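The chain below stands alone and is given as structure tokens, in the form predicted alone.
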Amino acid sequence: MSLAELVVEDLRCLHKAELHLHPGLNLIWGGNGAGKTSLLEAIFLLGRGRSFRTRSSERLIRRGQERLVVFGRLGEPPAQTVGVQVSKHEGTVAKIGGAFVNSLVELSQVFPVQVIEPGVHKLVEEGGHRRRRWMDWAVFHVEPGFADTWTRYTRALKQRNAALRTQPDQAGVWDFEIARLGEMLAESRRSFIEALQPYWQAAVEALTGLPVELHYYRGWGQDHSLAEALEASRSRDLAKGLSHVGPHRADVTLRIEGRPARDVLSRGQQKLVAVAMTLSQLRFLQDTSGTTPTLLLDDPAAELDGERLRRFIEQVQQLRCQLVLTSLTPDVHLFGTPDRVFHVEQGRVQPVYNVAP
């Protein structure tokens, strides 16, 4: 589902901005620090309830203001509206169709959005939390009950960790619930990674030509149930006041000929592998659930040479989805002639021209 209208108030350098987007290709151009990436953050916020640049949503609020507001109207019928407000005192709240949501996860169901930005290589280079987030966003779309299971698991895990620190003799009370929910989460993730493999292999081959393998680690050993792993880890958990096994420790491992990909690949190669993860995920969702996310591309040509950029463009074009990309100049035609162009300068946005009626 594409985004037709975006209204932003007091997000980073943006005082107030309004954009009417095309369901095809949209270009946002301007100098460094003008607010291009901030507009992409605003769009991402509508679908995720958070930024892709910082874990603290309060950092998005324009200096001197108490809150930010982002409003969006989706294009396909039935028409739908989405709104997110981030306040220094009340945190983040969201509405869909004028009604408050119980969880920010609900935003993804209404407005699926993904981003490829210069820091996308961190998906390969850094710890497992980014890859878990990448994996779970997709699983949520193919298994509607996954989000509720994860919420209940997280609640039980917090209770167990609190008991480990304050009431050690009560910690075991939570083991049954954690083991039951954890096994369900792990199976959902495993099924997704298994089904993704053909899409992954096609994308990584097209983008890199390298034999990069993608595997799922569930967060505890394959030879034991989660209940057995929790029992075996009990003494260590009590000593540290923390649960060391379970799906909260899961990861997606990337290896080349048995070696961790981050130890072998250059920064440019890491970026292409991360892009392959993202694009294979989106193509999988298109085929299996009919989900066609809006894809945000922040300075897509950064760190890619001619041949790598050509491969990247070719793979993105196969998605046939709404694209919103940023550039320093207005004469960018990486993905063809833009349907809408917007110029950003000192936090102000102006439409330049409309190619499509």
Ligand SMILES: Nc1ncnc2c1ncn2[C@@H]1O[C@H](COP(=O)(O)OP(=O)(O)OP(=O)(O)O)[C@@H](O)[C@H]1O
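All residue numbers refer to positions in the sequence shown, first residue = 1. In this text the structure is predicted, and so the values were computed from the model without any measurement.
There is another form of the same protein, the form predicted together with the named molecule; it is not shown, and what comes next is about it.
- Judged against the named molecule in the model of the complex with a 4.5 angstroms heavy atom cut-off, the residues Gly35, Arg59 and Arg63 are in contact without exception.
- In the model of the complex, none of the heavy atoms of Ala302 sits within 4.5 Å of a heavy atom of the named molecule.
- Not displayed here, the named molecule is approached by Arg12 to within 4.5 Å at the level of heavy atoms in the model of the complex.
- Although the partner is absent here, Arg67 sits far enough away that none of its heavy atoms falls within 4.5 Å of the named molecule in the model of the complex.
- The named molecule is not drawn, but in the model of the complex it has a heavy atom within 4.5 Å of Arg53.
- Residues within 4.5 angstroms of the named molecule in the model of the complex, judged by any non-hydrogen atom, belong to 26-34 and to none of the other stretches in 26-34, 302-310, 287-295, 316-324.
- If you take 322-339 and check each residue for a heavy atom within 4.5 Å of the named molecule in the model of the complex, you get just Leu328.
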